[in-house]
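Next up: just one chain, as C-alpha cells, the form predicted on its own.
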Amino acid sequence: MARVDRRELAAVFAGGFLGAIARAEVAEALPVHRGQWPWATFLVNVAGALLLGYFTTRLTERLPPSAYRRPFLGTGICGGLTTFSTLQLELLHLLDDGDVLLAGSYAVASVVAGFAAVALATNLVRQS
C-alpha cells in the first residue's frame, strides 16, 4: 500500500474546506427554485473551471514544482467549489418537471461556459 503524505492530504483538506464554504455561500445567496435556472451551481462550476485553468497552467508552466500547491488549489479549492453531482441532480429535477428545454440549455451552457473559462484562463496565463 502506498504511503500517504499527510501534508499533501492536509493541503487537499484545507483547500476543499475553503472551496466548499465558498460554494455554500453562493448557494445561500442564490437559492434554487424549481423551474428556474440553477444560477448558484452554474456560477460555481464556471468559476471553478476558470480557477482550475489558471492554477493548473500557472503551476505547471510558470512556477517551480511544489508538492502542496496543486493539491491545495486544484484538488482542494476547485474540487470543493465545483459540483458535478449537484448539476446532475438539478438536471434530473428539471427533466422530472418537464422543463426539457431548460434542462438542455443548462447542460449545454454548463459544458460550453466551463470549457470557455478553462481556455480563457489558460490563454491568459500563457500570454502573461
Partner chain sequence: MSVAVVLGVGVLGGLGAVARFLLDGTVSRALPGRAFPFGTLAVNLSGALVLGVFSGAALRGDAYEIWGVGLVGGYTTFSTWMLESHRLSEERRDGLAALNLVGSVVLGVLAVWLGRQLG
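Owing to the predicted nature of the structure, the values given are computational and were not obtained by experimental measurement. Positions refer to the first chain, counted from 1.
Below: the form predicted in complex with its partner chain, not depicted.
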Interface membership of residue 91, its partner chain in the predicted complex, 4.5 Å heavy atom rule: yes
Partner contact for residue 84 in the predicted complex: its partner chain, 4.5 angstroms, heavy atom: yes
Heavy atom of residue 40 within 4.5 Å of its partner chain in the predicted complex: no
4.5 angstroms heavy atom contact with its partner chain in the predicted complex for residue 101: no
In the predicted complex, residues of 16-33 near its partner chain [heavy atom within 4.5 Å]: 16, 17, 20, 21, 23, 24, 25, 28
